[in-house]
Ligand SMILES: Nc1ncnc2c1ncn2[C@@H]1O[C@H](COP(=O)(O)OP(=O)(O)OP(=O)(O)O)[C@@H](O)[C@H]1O
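Next up: just one chain, as structure tokens, the form predicted on its own.
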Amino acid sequence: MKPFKPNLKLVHPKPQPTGRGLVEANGFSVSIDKTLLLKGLSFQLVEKQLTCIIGPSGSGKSTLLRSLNRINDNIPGFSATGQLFYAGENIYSPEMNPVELRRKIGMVFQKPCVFPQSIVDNVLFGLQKRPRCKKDRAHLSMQPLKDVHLWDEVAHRLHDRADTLSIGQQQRLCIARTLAIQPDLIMLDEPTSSLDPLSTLAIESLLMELKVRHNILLVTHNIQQARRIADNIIFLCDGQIVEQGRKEDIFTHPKKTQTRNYLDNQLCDC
């Protein structure tokens, strides 16, 4: 089977954003063991757009992602203040079911996280009802694997272990597993940091396609990657939003000196 060839031009599709904030933060702060990691963040994620969070290591990017789907809940000493809404609902309301929230807000991690099971079992892992029949399972896994351009590469070996795939294929498999639960928002935390340049370009090309149908929030250290694929930028430094806005505005006419220094030299003097 021919491997997936990424779109080398990375042409931006033209989604039709609604203008409604899917995620909204108002003065949202996070502390762990009384250490303030996120400091009064306020932002809005618009539907059907790809937003990149950029910033130096330790600036709070991963903490923000993990707060959005409440992965941080079990960390000793974790506390959150301020407001954080998903589709108009308070994420930290006592009525919010974290398990159901995570079905709506999917997460792809820095390193491919495949389970020691078959390729098809990995795709269907998050589904509440998984068919037992091999034929039905293969059929159900087909569309997510096609969506990440992996079906033609693995259709003949669906019952092989997922860890026999290349690292780039494993990361696309993780995205397929996230797509299988049909989330509203897909969050990715440095998903290409461990990949070679060609696999990185394949993931970027894939995200450009997916953003027409999905809302995407991507953490990246790679400034050039953000230039290539983002619609919007949030520049986070020392737990604070220094600047945010449309990619064209941030990269062409940054308002803050700190933003300009980071984009030019990747130095942060926040």
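All residue numbers are counted from 1 along the displayed sequence. Predicted model, so just to flag it, every value in this text is computed and none were measured.
Not on display, but discussed next: the form predicted together with the named molecule.
Out of the listed residues Thr63, Ser205, Ser29, Asn215, Thr63 is the one that sits within 4.5 Å of the named molecule in the model of the complex by at least one heavy atom.
Exactly one listed residue, out of Leu201, Leu210, Leu37, Val242, brings a non-hydrogen atom to within 4.5 Å of the named molecule in the model of the complex: Leu37. Under a 4.5 angstroms non-hydrogen atom cutoff, the named molecule in the model of the complex has Ser59 among its neighbouring residues. Of the heavy atoms in Asp147, none are within 4.5 Å of the named molecule in the model of the complex. Using a 4.5 Å cutoff between non-hydrogen atoms, Ile71 does not count as a contact of the named molecule in the model of the complex. Residue contact check for Glu190: one or more of its heavy atoms lie within 4.5 Å of the named molecule in the model of the complex.
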